[in-house]
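Each of two forms of one protein chain follows alone as structure tokens, named structure 1 and structure 2.
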Structure 1
């Protein structure tokens, strides 16, 4: 390997590795194409695996050129982050753990090192050691980038699935023409409260609802934060032209709310969902008549 830059100054180990990667780009990519990480992901053709390998080698060369071999945030890695994410996701779908994927990334080091050693027979042991160490650190940083990208993709997937679960767990039911209800079950935190509000407001618009019932029978506890979320939802529904009724306030929850000094004076409340529905029907001018013993009667 050359010992000097074009201007005559002594080349750094990072720049020597950069030059090596550029010279041996094709050979490195060819050898990587036979490694499990590339061979099992790019199954359409070997040429595809080789091209993917070249893209990674080019990224490593750019990072070495900037002498940022230890920096996983180096700009040179930007071009291959998406590719690394796809490769990691493909191996994960095949049943591999993050540790196993990391091991496959580590397997890219020996083929590159062998080429480096083979062409550095004129270098001193100290020079070869410095170049080899730099290449090792660079590929170690590549592994870190790949793992960070995989974890980020996994977290994004978890966030999307969590949002989908929140939406499924917050159904809006049409009880009557102009009346919709949201039965809430479980803990009501900030994220879920936002989903409740958006889901309810969309239903108010879609169903042209005049009344919206929030049934909290299935909410285990109500504290000041939960009450604040309910008040915001009620206020938002009013702005959309719908009257909001809160139902399902059990005796224990009522005592807790009084103890906390929570003021729901501006919010219409009913003991049960049936009572809330009866109130809304009455406000709509709908007459409800109990059925006669023989089954006759108006409703």
Structure 2
């Protein structure tokens, strides 16, 4: 009975805490509703905040019942995960960092602790300490769950945005009959170069392009990996019967590439997009000439 070590190993403290949570559900929820975390999120009415608090207390009681006070993956938490995410998101929108939200969650402990101490005045100090520790661990786990939820929300946001970036950043432009160009902007990683390759090859088929220009003016740095991606794209386009020209290699990048010993080998390169277009037009047998000086253009 006199157990000072908290945790799920012994049935008593966790079940005591569960009983306490169930008994005092109403009071705890009432007090939590006054805490900034609940008060600022559920602004519509106090009842709403109290209801939300009750939901959290119920979840905690279920977790304590299952003897899983230290387990953030406990089944009991799944019911409040969405609510915690919403609360976390609301606090983040208000400009709070994750750390601040976490300390607001920590502020839920003292009210519950006070209630626990107040109601168990006949309990022995050892028992009280064990229950208190268990409650503390339980709330710590709740904090962890909230943080986990917030982090996974952030991660999914990043994933979504990365996907959007892939879609946005790779337009294929038709410059002339039979000539398409892709202006590459930003760092080329393998995922992006894959998308670039696919969209370029599809454009080659759709537009019946004999020439494809890869313009790397917007690529900040070229290392061996980027060069390899470029070579792959060029090779794939060549296999389909289109000729690739790489343009927009800035002087600094040209220097770097030579220093690194990168060999673009058989790839045709031109300094600017205009040069590349001129080259392709020449190969297509199309010539652009200035209007005759005595023509209609000027007089």
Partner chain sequence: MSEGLSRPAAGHVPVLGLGDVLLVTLQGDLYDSTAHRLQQDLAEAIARSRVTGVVIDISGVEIVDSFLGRVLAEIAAQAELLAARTVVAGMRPAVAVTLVELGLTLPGLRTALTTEAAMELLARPVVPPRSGGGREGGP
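Numbering follows the first chain given and starts at 1. Predicted model only: the values in this text are computed from it and were never measured. Definition used throughout: the rigid core is the maximal C-alpha set that superposes within 1.5 Å between two forms.
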Which one here is the form predicted together with the partner chain? 2
C-alpha of residue 250 off by 2 Å or more between structure 1 and structure 2 on rigid core: yes
Aligning on the core only, does the CA of residue 145 end up 2 angstroms or more away between structure 1 and structure 2? no
After the core is matched up, is the C-alpha of residue 24 off by 2 Å or more between structure 1 and structure 2? no
By how many angstrom is the CA atom of residue 267 displaced between structure 1 and structure 2 after fitting on the core? 14.0
How many Å does the Cα of residue 185 travel between structure 1 and structure 2 when the structures are matched on their rigid core? 4.2
